[in-house]
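Quick heads-up: it's one chain on its own, the form predicted on its own, in C-alpha cells.
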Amino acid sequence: MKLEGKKRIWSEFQKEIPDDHFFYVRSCIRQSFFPGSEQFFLKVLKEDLGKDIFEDPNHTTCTGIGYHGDVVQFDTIQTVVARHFALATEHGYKDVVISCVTSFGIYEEIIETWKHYPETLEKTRENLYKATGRVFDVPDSITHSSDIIYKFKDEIAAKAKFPLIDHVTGEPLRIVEHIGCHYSKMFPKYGVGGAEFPHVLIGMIEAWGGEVIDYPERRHCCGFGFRQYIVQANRGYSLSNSRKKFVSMQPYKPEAIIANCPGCTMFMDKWQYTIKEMDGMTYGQHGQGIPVLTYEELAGIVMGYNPWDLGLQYHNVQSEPLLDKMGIKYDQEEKYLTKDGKKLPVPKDLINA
C-alpha cells in the first residue's frame, strides 16, 4: 500500500483530544484499588504540565456496574450522567475527562442515544430537573484520561528520568498493552486507533523507550464482563479469560502489563495471585508474576516519582523486578509506611513481595 493511502486510512482512526480546561470524573474501581493513579493524574496535569483540570466532589458513581449487571435501568443512568454534565456546566467546563473505561463507554452510549433519539435527551432533562432542579449542556467532548496522557506523552518523555530501557543492557523493555473493551469496542470511533488498531497505550510505551509485544491473545478480553464476576458462580469464566491471556503472552517474556481500564488492571493483577494459590503457576520470568500497572503509574515511574507514592505496593504482583531493570532506586523500608510515618501491616502472600 502506498504511504499516502496508509496515512488516509490511519486518519480515520484519530480523535480530537482537548488541550486544556478539563472537568474530571473519577472511577469507583480506580478509587478503591489504585487511588495513587488518580492522584498522580491530577498532579501531573496541574503541576508538571500546567493544565487546568477541575474535580467536583459532588459527583457520584455513574452506576455503570449496576447498569451492565441489569440492576439499573437506562433511563436512570441517563439521569445520573446528566447530573455530572450539570456539574460541569455549573463550573463552566465543556470537556469531560473520565478515569473509568466503563464510564467512558456509558457516556458515549448515552450521547449517541441522544443524537439519534432527541426525545430521550428531552426526557432526561425533564427527569434531572424534577429530581435535582439542575440543567445541563451536552459536553463538547468526552475523553478518557488515557487519551490525555497519550496526548502529552512527548512532554512526559521530555521529563523522563527512567525510560523504559534495561539500564544494564540498554535494550528496550518488553511491555504488554491491554486496552479495555469499553474503550475501543463499544464505539470504536471514540478511541485512538479504533477497535482494530488501538494506539493509546502503544504510543505511550514507544514514546518512553519501550517495546510493545504482539502476542496471539492481545485483543482478548481480560474476562471482567460484569455478569461473569458479579455472579459468584460465574467467576471461573472471568478467571479463565485472564489465564488464556497470561499463557499466550508468557513465551514473549514481558516485563510488565499496562492497561487503561481499572477493572482490567485489577483483574489481571489479582488473578495472577489466584492462579498461583490454585496451582502454583506464575507467568513472569524466573518464577515471578508479571507486574500489572496503570498508565499513570507507568508515567510516574518514568518521570522519577517515588513508586510507593504512586501506590505500586498495593498491587498483588509486586513491581521491584521492573524497577530494578529500569535502574530505579527505592527504599524498601518506606514501602509500607503511611504519610505520617506509621507502619502498615505487611501482606505475606504477594507475588514477588
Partner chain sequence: MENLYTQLLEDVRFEEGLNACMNCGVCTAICPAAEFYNYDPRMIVDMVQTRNDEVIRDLLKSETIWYCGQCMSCKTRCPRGNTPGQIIMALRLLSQKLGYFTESEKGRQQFAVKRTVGDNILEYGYCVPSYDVEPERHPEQGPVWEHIYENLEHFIARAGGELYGKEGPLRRFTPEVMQELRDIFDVTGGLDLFDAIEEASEKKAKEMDMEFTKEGIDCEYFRHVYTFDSGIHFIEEPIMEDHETGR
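Keep in mind that what you see is a predicted model, and the values were worked out from it rather than measured. Residue numbers count along the first chain shown, from 1.
There is also a form predicted together with its partner chain; it is not shown, and the following applies to it.
Its partner chain in the model of the complex comes within 4.5 Å of no heavy atom belonging to A88. None of the heavy atoms of G203 is located within 4.5 Å of its partner chain in the model of the complex. F136 falls outside the set of residues with a heavy atom inside 4.5 Å of its partner chain in the model of the complex. By the criterion of a heavy atom within 4.5 Å, D309 is counted among the residues contacting its partner chain in the model of the complex. Proximity to its partner chain in the model of the complex holds for all of G36, T61 and A131, with the criterion being a heavy atom within 4.5 Å. From the list 158-166, 180-188, 206-214, 93-101, the contact stretch for its partner chain in the model of the complex under a 4.5 Å heavy atom rule is 180-188. Along 49-74, a non-hydrogen atom within 4.5 Å of its partner chain in the model of the complex is carried by E55, P57, N58, H59, T60, T61, T63, G64, I65, G66, Y67, H68, G69, D70, V71, V72, Q73, F74, in order along the sequence.
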